[in-house]
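Next up: a single chain in structure tokens, the form predicted on its own.
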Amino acid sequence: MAVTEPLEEKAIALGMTLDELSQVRRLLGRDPTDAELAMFSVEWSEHCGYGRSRSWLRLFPKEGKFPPLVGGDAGGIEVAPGLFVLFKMESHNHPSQIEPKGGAATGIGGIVRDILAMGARPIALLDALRFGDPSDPKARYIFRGVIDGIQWYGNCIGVPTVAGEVAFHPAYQTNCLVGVMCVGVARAKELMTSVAKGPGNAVVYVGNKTGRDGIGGCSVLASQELKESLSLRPAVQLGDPFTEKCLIEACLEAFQTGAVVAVKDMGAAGLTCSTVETAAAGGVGMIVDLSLVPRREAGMEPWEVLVSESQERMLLIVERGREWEVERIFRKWGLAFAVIGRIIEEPVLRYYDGDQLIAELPPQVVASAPLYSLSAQEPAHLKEKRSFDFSTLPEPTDWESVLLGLLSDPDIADKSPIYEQYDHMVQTNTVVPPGAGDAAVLALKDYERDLAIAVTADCNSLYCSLDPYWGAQLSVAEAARNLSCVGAEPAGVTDCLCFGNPDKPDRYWYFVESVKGIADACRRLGVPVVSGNVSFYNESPTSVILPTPFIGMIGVLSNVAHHTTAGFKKEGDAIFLLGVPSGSLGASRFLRVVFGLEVGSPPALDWDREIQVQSACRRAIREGLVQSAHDVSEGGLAVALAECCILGNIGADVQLSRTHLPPSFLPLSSLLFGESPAQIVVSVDPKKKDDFIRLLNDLGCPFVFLGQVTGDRFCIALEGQSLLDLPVTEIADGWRSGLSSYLTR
């Protein structure tokens, strides 16, 4: 094929390096055609090929307490004999920065199709979000747009958004983060594969028609640093949730016929990814005629059809002679259906545009992105930040003002202005909704009578910025603690690892250390990492994000009745702290809110104590001894207790004694607002108090009696000296206005 301009310029325009172009030439033994070059550019992009991360991801454990399922478009665990929960988290960061509503919406659509491609019905969505300072108009515009995109798409397709987390920091001003997670359920006989097989079987295109939207989405937007420009908007995909809803139902119906051999989502890299990776997985080839691909735009070039990321599309491999069975279903749902090719035994992909051959490639070559060995170096400034002398800080004189300031901080404040826009009750599986507990609980009543799962997403980006290894472990520990607080046993992990430019040694060091931390933490918990996503290049010429390894985690409840929520329940209940009272001011919200500092080391993590406390909490919930449970995390003990009062709309009288406290609790700020893991606040019916204490002693779990649920004021005293005494209505008002005030500007 004639080359109308230097091949090197084309490669660079497509996001490739000259070294990668040289490798392509060497592997093919010739210059690639325009279409072939476009295919390599997307499949070898970091977003699809994981060339800079793949070697480190092998550290993640793949075995756990529940049998894992790995290797497909999503992963999962077997929660009961023959019953699988599938889940995966991905990012849609750069598209959401460019076009907030559309970028977030199509992120939801893509992750739902990953679950659908496993043969599972999507039953829940979660989101993990990061934005710039909400006082900034641009940050608020992106924040509102992303939330609008998530609610619009999720509500329209009828999949509830039940959990998530959000935080704000100037580091995300030019690179917001939008991590989206989907959960689905399938029986073993319903599971699908993405492994193409069977010479003569049909290669079938279904769903929406193909347009020019999304071209360059994975290679240009997601695999290099972001330089915002209106010219990038065409690279953001266009979503149609109503078509997606029809696609979900049509696919699930088609799978039941047994005629569908394999299936893959046309997400990043579109038709290129779905044909290349299914063929490579099966060791087969394909003949594909691109002129048969349904299009909504005239005049599209063949290479544009190959790399378009138009949404709501799937690739099916259908048994020869049974195409009509599948076609009838998709036509009924008003979706495009086209047999665009056939499987061949020879492991080669031949793409035609009518009679013209435009690409001929071995699938394994295209699917095997080159691995890179990059330098990793700890930033020099971290040592000074971690060695900060806290004795130089003055103690606050007004603890009540500090508490109110923390409760109204957008990172801690009430998130109902976000989740109230989501339909979290559709499908009627939601038992613990967003905001009620530390994790959402979903009944699996359509599959197993009493079985339930809990879902959560977590990450402390500030911890990770000061120590990525321990910050990542603490994020895993908190996610597990959230599940334990609703009574669920941690069972499986997915991740969305968001970092800056990996070609810069300090950025890459954060990634490597975070991966090591997640791997070690999951081994200690005995949970597998079954799926995930890496998002690099989250920086611009003016800023780089904090290292943010989002953790999505699934827990299992053998009996849905054995769950609890975070709010205090009734007058007279006893309040206990599971774990040893301890608080670290390093990397705490207290330091940032009161002093504007982001210094110190993250809290120390004792895994033996963490596992002991979580196990005791789950056991107490299962035996009906606990009325409420809420973990101590951002903001420390005082914030955790205040949140329990707010959520229960009832007061608490907390009496602290120095006999229960180690000598290190000087200053008092460490006691009230220091953050340390392995601590859970629980409330217990007085009639069950003795049984509860007996259980903890039998399990060897340390605990402290803190006081009782009572009245309409939140009070904390130390040795009889009042430290805090506020009406619950006042702390609730501050907590509820902290985020909503930014949404009304």
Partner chain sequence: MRFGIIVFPGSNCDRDCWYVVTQGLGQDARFVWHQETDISDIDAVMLPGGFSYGDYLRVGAIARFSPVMNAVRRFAEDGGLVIGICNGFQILVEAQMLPGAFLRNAGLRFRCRPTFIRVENNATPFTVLCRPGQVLQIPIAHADGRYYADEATLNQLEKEGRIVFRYCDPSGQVTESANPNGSARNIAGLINETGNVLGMMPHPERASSKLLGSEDGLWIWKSLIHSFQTCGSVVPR
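All of these numbers come straight from a predicted model, not from anything done at the bench. Positions refer to the first chain, counted from 1.
In what follows, reference is made to the form predicted in complex with the partner chain, a form of this protein that is not presented.
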TL;DR on 241-249, 342-350, 590-598, 475-483: the one with heavy atoms within 4.5 Å of the partner chain in the model of the complex is 241-249
So the partner chain isn't shown here. In the model of the complex, which residue out of 446, 571, 395, 608 has a non-hydrogen atom within 4.5 Å of it? 446
Pick from 337, 422, 303, 509: which residue has any heavy atom within 4.5 angstroms of the partner chain in the model of the complex? 422
Would you please decide whether residue 612 lies within 4.5 angstroms of the partner chain in the model of the complex, comparing each non-hydrogen atom pair? no
My question is simply whether residue 7 lines the interface with the partner chain in the model of the complex - judged by any non-hydrogen atom within 4.5 Å. no
Does residue 157 reach the partner chain in the model of the complex if we count a contact as any heavy atom within 4.5 Å? yes
Though only this chain appears here, would residue 374 touch the partner chain in the model of the complex if you measure heavy atom gaps against 4.5 Å? no
Taking heavy atoms and a 4.5 Å limit, what residues of 324-363 are near the partner chain in the model of the complex? 332, 333
